[in-house]
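The chain below stands alone, shown as structure tokens; this is the form predicted on its own.
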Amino acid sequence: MSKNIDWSSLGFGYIQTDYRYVCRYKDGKWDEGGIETDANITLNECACVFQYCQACFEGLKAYYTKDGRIVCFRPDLNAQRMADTCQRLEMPAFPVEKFVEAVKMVVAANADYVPPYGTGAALYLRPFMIGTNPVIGVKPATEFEFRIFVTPVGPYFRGGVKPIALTVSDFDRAAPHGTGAIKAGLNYAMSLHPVMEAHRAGYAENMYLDAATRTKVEETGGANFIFITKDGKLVTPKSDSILPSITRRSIMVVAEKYLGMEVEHREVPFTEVETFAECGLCGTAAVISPVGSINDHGREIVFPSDKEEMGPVLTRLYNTLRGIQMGEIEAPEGWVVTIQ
């Protein structure tokens, strides 16, 4: 029985659910882990996560398919990306198989919070890990807690599939991550100020350029860029400091294998942006969100696709990806994991 929630009006916010998965690391090993009801964490004031921010996280979704199954999309890739982050942050990797099993357990336990098929909402999962023991000298923690909580959410951007406006940021996107750490779950604290500056100026997000030369497109605060050329190619920016988005990598396969498009994953000079026919943002939360315009310090770049609707190529990509996720189109092997 689903919870009594107005699924169609959900924003992208936190609603506390009944259960979460918790597993603890001590004396060099993870405990068995399991489902718990307490949403609160009690830690010492000197816990490493407070002193040196030793923490990382991931994000993925669960949802109902057309045929009534509850599924997740490629959770093994989230598990591997988190393991890559842990290596960079001197944290113990949470085993991929255990991660996927934990996802299944916590979604099944909170099945009543999975929004019904067709509402446009989903159950968002937030796996995270923190250093929990007291640390005052600069060194890694020796005890850690891995958790997954879930919350039902609506669209990440308020416009849904309506085009949004961006602004070119004067801040560096690489600052909060650094080469290597960007390659998995992340600490977004350093990007909060640029994001709020963009919001105060009336824009949905920032377009970040590379920190070294400020001439090449990187990403936004919460999503990767995808571009469509006037001759129908898919172009995605390539950089060591860009989050390796699971959604972006999936879209590249969808474009090539399902829609027969030519795909280019390469550096994208900012001067090339105004030549594209369509521009979009992609990610677990955003899925695909169209960009209607970009403000370059007072000069507006407007894409030829209708500013009131998603462009035709992005629409085909969106519909195909969502069709795969929702069980309406046959998925590549291993992409869709059934929970129940």
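A quick note: this is a predicted structure, and the numbers were derived from the prediction, not measured. One-based numbering along the sequence shown.
There is another form of this protein, the form predicted together with a small molecule, and it is not shown here; the text below is about that form.
For the candidate spot formed by 7, 123 and 154, no residue has a non-hydrogen atom within 4.5 angstroms of the small molecule in the predicted complex. Stretch 52-60 is the contacting one of 28-36, 290-298, 270-278, 52-60, since its residues have non-hydrogen atoms within 4.5 Å of the small molecule in the predicted complex.
Mapping the unseen interface onto this chain, residue 283 counts among the residues with a heavy atom inside 4.5 Å of the small molecule in the predicted complex. Shown alone here, residue 222 lies within 4.5 Å of the small molecule in the predicted complex, counting heavy atoms only.
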